[in-house]
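Heads up, the chain below is alone and in the form predicted alone; it's given as structure tokens.
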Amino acid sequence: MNKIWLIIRREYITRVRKKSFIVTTLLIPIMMFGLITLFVYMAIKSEEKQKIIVYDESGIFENQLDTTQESYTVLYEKIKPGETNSAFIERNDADIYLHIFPFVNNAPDSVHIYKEGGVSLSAKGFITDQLDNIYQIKQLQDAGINKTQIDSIQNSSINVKSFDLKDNKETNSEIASSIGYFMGFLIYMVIFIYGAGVMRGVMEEKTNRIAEVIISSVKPFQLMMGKIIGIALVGLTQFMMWIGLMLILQLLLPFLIPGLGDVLHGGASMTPEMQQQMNAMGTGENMGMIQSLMNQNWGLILGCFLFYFLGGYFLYASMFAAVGSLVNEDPQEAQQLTIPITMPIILGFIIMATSVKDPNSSLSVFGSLFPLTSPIVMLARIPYGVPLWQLLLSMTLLIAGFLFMTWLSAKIYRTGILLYGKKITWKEVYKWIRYS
């Protein structure tokens, strides 16, 4: 056991001191922060109002366009005889020119929008929605129908709540699916990234002949387990540093973009629609969602996440380590050998996508019990509530699968780590497992 801890310490210290570790640990949060800053900055800049000059020959839309909730100002003006569209826009210092032609048989003939460089999708959508709304109101008024009554009927809805039959707590399928999908996707990414890191580490030691020196002092199984646990600790360290850096950078965001503080705290930059949404956060459906979020069994969810996080990583890391011991110096050979490992991971992700919609289907139950897919699929089912016997059986099978796969991978690793210059076939691997 002491030798395994020495290998863990070596793996951890060696990788943490690498420039690549330092660069990626610092660069990824900064890149994410930069993207967030850019999006927020562009969102704030997009609040700058554009000026629309309207020439309404129909007379129906005069002074009707509503700009209280949009980033546009509207000016109504008539074009002069012989004046070009460009000159008309320039004379009124406008950005967009909206020409509404006369009605024919009480119906719109056509509407033209002009803008240098073309009209953006948001501007066209705003104008189209406004004109459609105004024209619909006119049609209702002409038919003697009160539009307020129509809106009241269309906006009415039935409040439907769902409850857990066992403890009569209110549930929310949207929240449950979001939690399950996020946790399953996170484990899916961890298995791929850090499992492949174990494989690359084994390949490097084998090609550099470092493994020969290490094997003279420790058993191959001890080397494999030390490497798996050491890289797991490196990944955990990196995750914790990412979380810390993102929190620090998030605190700096309002100082870099002063306008952000007003938006976040309901200041002058907040539109009436945004203010209305913020005021609604404490009532109605939002309160129900918050209550459903609080009703989740977070102790069980976080405990199972930690268990399946570690179980899934160790299961697949042992397999990646075995594959790394088979590869010499050909990257294409590594890609071919990892196909049998990546297929169950992808299958688990596919089953997870269906499990968030129907967590109790036969496919979902199978995926949550099968050790190669359970770390991903089971986490998508847990927020919905899983029978205790299924959860215990899944955990038992995952532990058994990890022990079996570690024993199997150790047999391959023991021979493959010292084999050079020969392309390995699956037939030879089977012989190693059988006779070693």
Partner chain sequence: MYFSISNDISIMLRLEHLKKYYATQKAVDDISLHIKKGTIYGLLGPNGAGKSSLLRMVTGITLPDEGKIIFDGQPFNANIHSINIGYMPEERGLYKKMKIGEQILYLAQLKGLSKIEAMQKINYWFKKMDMHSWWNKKVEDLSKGMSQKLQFVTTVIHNPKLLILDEPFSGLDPVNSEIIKQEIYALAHTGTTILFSTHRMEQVEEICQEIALINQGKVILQGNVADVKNQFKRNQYKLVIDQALQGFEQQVVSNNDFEYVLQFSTPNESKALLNHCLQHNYHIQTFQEILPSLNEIFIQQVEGTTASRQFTN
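Quantities reported herein were computed from a predicted structural model and do not represent experimental measurements. Residue numbers count along the first chain shown, from 1.
One more form of this protein, predicted in complex with its partner chain, exists but is not displayed; see below.
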Note to self: Against its partner chain in the predicted complex, would Lys80 count as a contact residue? Criterion: heavy atoms within 4.5 Å.
What the structure shows: no
Note to self: Please determine whether Ile214 contacts its partner chain in the predicted complex, using a 4.5 Å cut-off between heavy atoms.
What the structure shows: yes
Checklist line | Partner proximity in the predicted complex: Leu6 to its partner chain, non-hydrogen atom cutoff 4.5 Å | finding: yes
Next item on the list: Spell out, yes or no, whether the shortest heavy atom distance between Glu90 and its partner chain in the predicted complex is within 4.5 Å.
Entry: no
Margin query: Among the candidate stretches 304-312, 343-351, 123-131, 198-206, which one is within 4.5 Å of its partner chain in the predicted complex when only heavy atoms are counted?
Written below: 198-206
Item checked: in the predicted complex, the residue from Leu363, Leu236, Leu245, Val218 that sits within 4.5 Å of its partner chain by heavy atoms -> Val218
Notebook entry, point to check: Pick from Ile193, Met240, Ala143, Ile210: which has a non-hydrogen atom within 4.5 Å of its partner chain in the predicted complex?
Noted result: Ile210
Notebook entry, point to check: Heavy atom within 4.5 Å of its partner chain in the predicted complex: which residues of 17-33 qualify?
Noted result: Arg17
